[in-house]
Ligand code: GDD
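Okay, here we've got a single chain as structure tokens, the form predicted alone, with questions on binding and movement later.
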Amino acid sequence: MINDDLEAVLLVGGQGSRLRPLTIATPKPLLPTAGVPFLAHQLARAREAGAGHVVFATSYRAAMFERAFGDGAAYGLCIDYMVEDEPLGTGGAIRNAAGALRGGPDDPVLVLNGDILSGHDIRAQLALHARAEAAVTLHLTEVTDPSRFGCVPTDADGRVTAFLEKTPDPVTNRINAGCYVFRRSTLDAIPAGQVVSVERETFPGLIAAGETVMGYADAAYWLDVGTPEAYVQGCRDLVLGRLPAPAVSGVPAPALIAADAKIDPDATVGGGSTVGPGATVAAGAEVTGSVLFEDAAVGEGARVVDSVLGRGARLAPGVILDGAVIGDDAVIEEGNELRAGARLWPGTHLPPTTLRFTPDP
């Protein structure tokens, strides 16, 4: 059943600790990503797949999600919000969100993780789920180092034979890509009000019980944006058109620049950069492959490469950022050079010529 009656759950309860300092005040799924909150891309994908009703499974700074997305009308959706008072794990979060679902026991429920960018064909995943009459159908992708993810072997028919969560000796490079289609009754069978991991408990339990668990595998674009480096890459790829971005107009382009941003004619902005509302880039400055949040300012002759400059942050003339993450309202004075994973917390004031470089943490 693939139509506007499709329901979806968005898992957005995590604290995004790997993305600090960007997530100290803002949940990871709300970070500006190619000019819109990250979840706007997920909502656009769900809508394209035929979803009409989306439930947000929230926990960390839960109220911010409803303020950002409201009832969903602006996205052609109906959005409800289910809050976990205490984190319940992936399975517990999905089960908690089920309290707002409306469909019957045999209906499909699309589940999306709030930190994944993917270009895979969700409709094809839904179609496989329906043909196989599966309990759950997982999106699978292939990676170079599968030991960091859930390793998912399948048989010749695509049926999942095991679910090996983050094993040091993976038997395949095919991994859990974080998008699921559940039969509603399967979702409802997850214990309510308990901490449950779908990766460690639900999926292995279904396989052991002989239930049909299918794997939809493809080679489309896929990125876990859980680190600053991956976040910057995701923003850049969306702007440059390496991944379709139905939530954003004006891309692909060398850069995505807000209408009220101020870019000096003698500045250079490109490489898939995003320049947010009210941000400024002074004469002689260079911004490449980077993300400038609202009201950020880059001084004359400064150089910003593969970096993030938080809301209201300020770079003095000549400052160099290369692979750095600068928190909101931080100020970096002249002569500083931050490279290789440097991070400054919000409100930091870095005096002149304090750092020439920072090694990887």
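Note that the coordinates shown come from a computational prediction; the quantities given were computed from them, not determined experimentally. All residue numbers are counted from 1 along the displayed sequence.
What follows is about the form predicted together with the named molecule, which we do not show.
- Distance criterion of 4.5 Å from any heavy atom to the named molecule in the model of the complex singles out I175 from the list V136, I175, C235, A279.
- Of the candidates P153, P87, G76, G193, P87 is the one whose heavy atoms come within 4.5 Å of the named molecule in the model of the complex; the others do not.
- The candidate site formed by Y231, G289 and W345 is entirely out of contact with the named molecule in the model of the complex, as no residue has a non-hydrogen atom within 4.5 angstroms of it.
- Contact with the named molecule, judged by heavy atoms within 4.5 Å in the model of the complex, is confined among 58-66, 298-306, 312-320, 327-335 to 58-66.
- With a 4.5 Å cutoff on heavy atoms, T268 does not count as touching the named molecule in the model of the complex; it lies far away.
- Taking the partner from the other structure, the named molecule in the model of the complex has no heavy atom within 4.5 Å of any heavy atom of Y81.
- Proximity of N113 to the named molecule in the model of the complex: non-hydrogen atoms within 4.5 Å are present.
- Taking the partner from elsewhere, L11 is found to have a heavy atom lying within 4.5 Å of the named molecule in the model of the complex.
- Of the residues in 204-232, those that come within 4.5 Å of the named molecule in the model of the complex through at least one heavy atom are, in sequence order, W222, D224.
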